[in-house]
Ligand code: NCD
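Take a look at this one chain, the form predicted alone, written out in structure tokens.
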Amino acid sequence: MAHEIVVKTKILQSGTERAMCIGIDNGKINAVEKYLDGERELHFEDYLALPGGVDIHTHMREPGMTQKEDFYTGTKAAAFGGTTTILDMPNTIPSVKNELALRDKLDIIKNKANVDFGLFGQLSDIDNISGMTNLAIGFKLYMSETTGASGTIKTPLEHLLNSDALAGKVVTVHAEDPRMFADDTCDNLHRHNLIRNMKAEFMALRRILAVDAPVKLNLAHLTTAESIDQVKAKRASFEITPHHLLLHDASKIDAMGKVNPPLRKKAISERLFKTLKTGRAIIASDHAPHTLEEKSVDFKDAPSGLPGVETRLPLMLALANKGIIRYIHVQDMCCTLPAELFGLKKGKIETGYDADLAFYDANNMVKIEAENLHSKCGWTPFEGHHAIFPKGVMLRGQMIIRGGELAIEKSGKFLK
């Protein structure tokens, strides 16, 4: 039979590039074969197709902070970076701590998204959980203060995580123990690292991993190999960010590198590559933009957070091009594993999955320049780093990025 669309391209099978045809009907992949017939053919024979990226940790800043980013610009940036699904965190203004705030946020953003999206609810009060479960794709627990979140938990952790409404749900945890923070002047990246130190991360992990609860724990933005070993021992999932891999506390980026948890010493960040080479981590951007003006004040007054949704996958592909990691592991960590954690039919080029695809010239490595990116914030901590950006991006069978342009606007769907 002839499929609605047949894409001729190269895909990864068992880690090897193979020339294949992808048959698409009604926005779904219906066949992956050597030869297929289609009513319409798309020719990407010279490109490597990966599943659309799935970024499970973003802060699109809407509502309440749209001078930094909004849902339209943030999801546009995601699309240009080969990411077709984003999950957005709840520390907006107001915080998404109850059903009303969640529904209000959805009403504001639902017709603005350029990629598919899900929304997190924030955990603080056990009485507000059940009202959010039908809409929230997951829940976020802040164990310390960070931008837009107080870190105040009104219900004891053991009681909170054992709420019947949370059973089987993903709970993503920002794990820093403020009791371990040092009392010092935060006037540079090195000092920021010493204040919000590695012990604060380790002790928070010890506390949260000791809780016996029927939830899917996911530990966000881990910064050390020791933290990862601690989480692996409990068989929980975890995220690593590109900035904690590729930047460090001696990077010459001043407050543009101020983020929570902080950038660590170079030797610490380099040890994360051991995990990266296994392909078993989730790479999440923790895209958290601020304006240049906000970042240009004295370091101690600058807000924490940096943009990264557009550069997440391209940075990882450049590492693969250089032989530091494998392309199949990029696919696993940026597409497959994050989709599997949330039960999404995305992240794989297989029958029955959404036809979300991004096409790359794996040899076309460029240097990142902020002026070529699409976030409203207008800057990047990765200026000058190597990256491989997609030449085309498909969302549920429709080309949304083509010829360097956003071909179809606001076609993203809400994922419960």
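From 1 onward, residues are counted along the sequence shown. The model shown is predicted, which means the values in this text are computed figures rather than measured ones.
Note that the form predicted together with this ligand isn't included here; everything after this is about it.
- Heavy atoms of L315 never reach within 4.5 Å of this ligand in the model of the complex, leaving it off the interface.
- Among residues of the shown chain, P338 is not one whose heavy atoms approach this ligand to within 4.5 Å in the model of the complex.
- At the 4.5 Å threshold, heavy atoms of K76 stay clear of this ligand in the model of the complex, well away from it.
- Within 4.5 Å of any heavy atom of this ligand in the model of the complex lies no heavy atom of L272.
- In summary, among the residues K105, K346, H174, R264, the only one with a non-hydrogen atom within 4.5 Å of this ligand in the model of the complex is H174.
- Note on the partner interface in the model of the complex: the residue among N218, N91, S124, S227 having a heavy atom within 4.5 angstroms of this ligand is N91.
- Comparing 286-294, 202-210, 77-85, 230-238 against this ligand in the model of the complex, the single stretch with non-hydrogen atoms within 4.5 angstroms of it is 286-294.
- Residues are counted as partner-facing when one of their heavy atoms sits within 4.5 Å of this ligand in the model of the complex; in 236-267 these are V259, N260, in sequence order.
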